[in-house]
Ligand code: URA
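Below you'll find only one chain, the form predicted on its own, shown as structure tokens.
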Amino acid sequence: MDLFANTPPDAPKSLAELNRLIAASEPLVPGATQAVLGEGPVHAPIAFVGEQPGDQEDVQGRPFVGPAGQLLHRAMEEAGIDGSKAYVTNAVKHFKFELRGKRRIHQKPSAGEVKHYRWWLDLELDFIGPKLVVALGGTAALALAGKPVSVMKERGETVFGHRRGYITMHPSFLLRIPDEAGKRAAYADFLTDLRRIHDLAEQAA
């Protein structure tokens, strides 16, 4: 499955132009309030790529501000990664959900939806130019690798096309673990990955 064939010939020539295009686009799956753009400095040494905006991200228009994002930023700080110098974004730019009563429950994007947004992500990362791109979870890894990826089997250093990469779990996975012992163990593993990510980015500087 080739996810790298969608970049249009009249692609934006700057990150600001790309963001304007994304912000003006209609969600592929109706219902999202707004597109959620990436945040962080151009030439950030590390770019973290998640799945898609969640409920709070959709409301606030910012990536990784909900519970999973708060967990990510806490873990980054513990691992020595300066959050103000990292770039965070998502493979899919609009929130996909189903209504249960008044609650909007996250729904995983399909491979086709990931493909729809793929050229935006690829161009976005070209403009940022990170030393290391981190896939947080399977959907991000699918978007970056262009093929399905087993996070637990392929977790660790990798290459996404011409980019140096790293695959780890999405912080939302940690939040879903029901028992505290399992949650602590998974968080420790996540911290190990983030410390390795920190070191790899430092070595590439």
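Small disclaimer: the values here were computed from a predicted structure and weren't measured. Residues carry their position along the shown sequence, with the first being 1.
What follows is about the form predicted in complex with ligand URA, which we do not show.
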| property | result |
| --- | --- |
| Interface stretch in the model of the complex with ligand URA - options 22-30, 146-154, 60-68, 176-184, non-hydrogen atom within 4.5 Å | 60-68 |
| is_contact(G38, ligand URA) in the model of the complex, heavy atom dist at most 4.5 Å | no |
| G165 within 4.5 Å of ligand URA in the model of the complex, heavy atoms | no |
| 4.5 Å heavy atom contact, P45 to ligand URA in the model of the complex | no |
| Heavy atom of G54 within 4.5 Å of ligand URA in the model of the complex | yes |
| Partner contacts in the model of the complex for 86-105 (non-hydrogen atom within 4.5 angstroms of ligand URA) | N90 |
